[in-house]
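Presented below, as structure tokens, is a lone chain in the form predicted alone.
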């Protein structure tokens, strides 16, 4: 913790921008019921109201407050993406570290199985499975976590294989240390930096993937607020936008609000990941 605080003091401006963005989204997700002026899925006005003091960002097709749904969308979209990324990392990193440490037939079979899964386009595979299993939150998390764990497996296996060739690993084996001790005490601590950076990247990919599925109607289902679904619901309003007047211009801005929320969070996480990668590389400014 002290080491992290030391690095934070010397962090570049871009890293601090990313940290502030991520912290702001985390604050929105945690405090959504307090910050949102209205409930998530309750109609509070007429449909497609323009931006007024009663509804700062207007209302949607069902008369729900857009600002409230954006705030709740931070909790739903980001929360589900975070849970999915944690599960994907638990599966992929554990499997990859175990395959690299055991080697032999277990490593060969695992690698070939991962190659088969990675050869299938993930979006098509997810659409197929979710069409069969249904679009519940549990099914969504499991399907995306399994698909994304294949990428984590490849990285963790490659990093672990480089670490397992070091002299201190041979010394530990000569002492009679077991496989799980090697993974827990030697491999995992030395692989932590690239895995942490990969966690941030995986979160971005999962986050965008969930938003894409929601846009296609197979992600987070209504009436739950979700940014990808909000883009789909308001996309048709662009055709009615007339930027010569403010009231009409708000129709064109409606789909840009959730799309902008997705883009800003993605940029913020990537700025933090770039900084973590720079720290793990050992390079100096």
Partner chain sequence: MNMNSIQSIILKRLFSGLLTLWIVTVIIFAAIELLPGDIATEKLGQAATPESLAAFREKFDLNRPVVERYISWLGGAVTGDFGISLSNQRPISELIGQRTANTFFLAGYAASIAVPIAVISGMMAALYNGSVFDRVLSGTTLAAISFPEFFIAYILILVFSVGLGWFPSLANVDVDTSLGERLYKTFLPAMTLTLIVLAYMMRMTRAAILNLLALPYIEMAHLKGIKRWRVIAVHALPNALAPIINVIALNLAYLIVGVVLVEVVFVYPGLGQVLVDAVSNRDVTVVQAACLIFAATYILLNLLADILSIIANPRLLHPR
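Please read all numbers here as calculations on a predicted model, not as lab measurements. Positions refer to the first chain, counted from 1.
The discussion below concerns the form predicted in complex with its partner chain, not included here.
With respect to its partner chain in the predicted bound form, the three residues 99, 178 and 182 uniformly fall beyond 4.5 angstroms at the level of their nearest heavy atom. Only one of 123, 158, 166, 137 comes within 4.5 Å of its partner chain in the predicted bound form through a heavy atom, and that residue is 123. Note on contacts: among 277, 21, 262, 15, the single residue with a heavy atom within 4.5 Å of its partner chain in the predicted bound form is 262. The chain is drawn here without its partner chain; in the predicted bound form, the stretch among 211-219, 141-149, 88-96, 75-83 whose residues come within 4.5 Å of it by any heavy atom is 211-219. Among residues of the shown chain, residue 35 is not one whose heavy atoms approach its partner chain to within 4.5 Å in the predicted bound form. Its partner chain is not shown here, and in the predicted bound form it never comes within 4.5 Å of any heavy atom of residue 195.
A residue is said to contact a partner when one of its heavy atoms sits within 4.5 Å of a partner heavy atom; residue 116 meets this definition for its partner chain in the predicted bound form. With a 4.5 Å cutoff on heavy atoms, residue 132 counts as touching its partner chain in the predicted bound form.
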